[in-house]
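Let's start with one chain on its own, the form predicted alone, as structure tokens.
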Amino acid sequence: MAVLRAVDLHKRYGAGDSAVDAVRGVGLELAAGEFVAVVGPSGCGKSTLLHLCGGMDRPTAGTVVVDGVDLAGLDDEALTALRRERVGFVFQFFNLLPTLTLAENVALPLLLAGVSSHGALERARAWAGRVGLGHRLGHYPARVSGGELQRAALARALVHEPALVIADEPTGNLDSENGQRVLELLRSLNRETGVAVLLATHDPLLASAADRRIPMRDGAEVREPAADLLSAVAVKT
């Protein structure tokens, strides 16, 4: 069974002459352990597609099934629970809470799921160790580097053992050295845990690490060799 199956997705914002079709008829499928990159220039609909696949937004038309659950059949409360339990998210700007330590940020998905504070922090410590942050657990986000923030975000995305990780430009706010480290870590965790990863990027180097690429332009999948699109992206960005 596919971890993620999206069929003929459309997303329209607005109405009439001002309507914008951010995603137009895109479909994709991910199996457990797959690492797939959605590629294309800024504004092509990559982030919107990821938001639809991760249940952060609802499509105007089309179907999204995550870990066997059709998202269209879920009300907002059930959709929130599915995201919390079966999906992990990694964002360009980290989205860590500044008033929590790194350990508390990593533990947050477990705490929201009702895991005891002791159990959640124990698992957070274990995951922090796996991403090389065992020595930074007591630090607040303002006191660590961008690369360390993104490693903490990776640990937070995986601490609850999701079926799917959605990574939206995860290296976009990092320098090339830290971006490469985060990429290698994400790929390593993908292989170790078998979690499916759907990643959006306009970085050809990041995309080249994926098992498979889905090129996009103007909201739709591009029916041309991915290498050609990656070359175009490199010129435009």
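We number the residues from 1 along the sequence you see. All values reported here derive from a predicted model rather than from experimental measurement.
Omitted from view is the form predicted together with a small molecule, to which the following refers.
Asker: Within 4.5 Å of the small molecule in the model of the complex - does that hold for a heavy atom of every one of Ala22, Gly45 and Glu169?
Answerer: Contact check passed for all of Ala22, Gly45 and Glu169.
Asker: Classify Gly27 as contacting or not contacting the small molecule in the model of the complex by the rule of any non-hydrogen atom within 4.5 angstroms, answering yes or no.
Answerer: No, Gly27 stays farther than 4.5 Å from the small molecule in the model of the complex.
Asker: Does at least one non-hydrogen atom of Pro41 fall within 4.5 angstroms of the small molecule in the model of the complex?
Answerer: Although the small molecule is absent here, Pro41 would touch it in the model of the complex, with heavy atoms inside 4.5 Å.
Asker: Counting only non-hydrogen atoms, choose the one of 190-198, 66-74, 28-36, 45-53 that falls within 4.5 Å of the small molecule in the model of the complex.
Answerer: That would be stretch 45-53.
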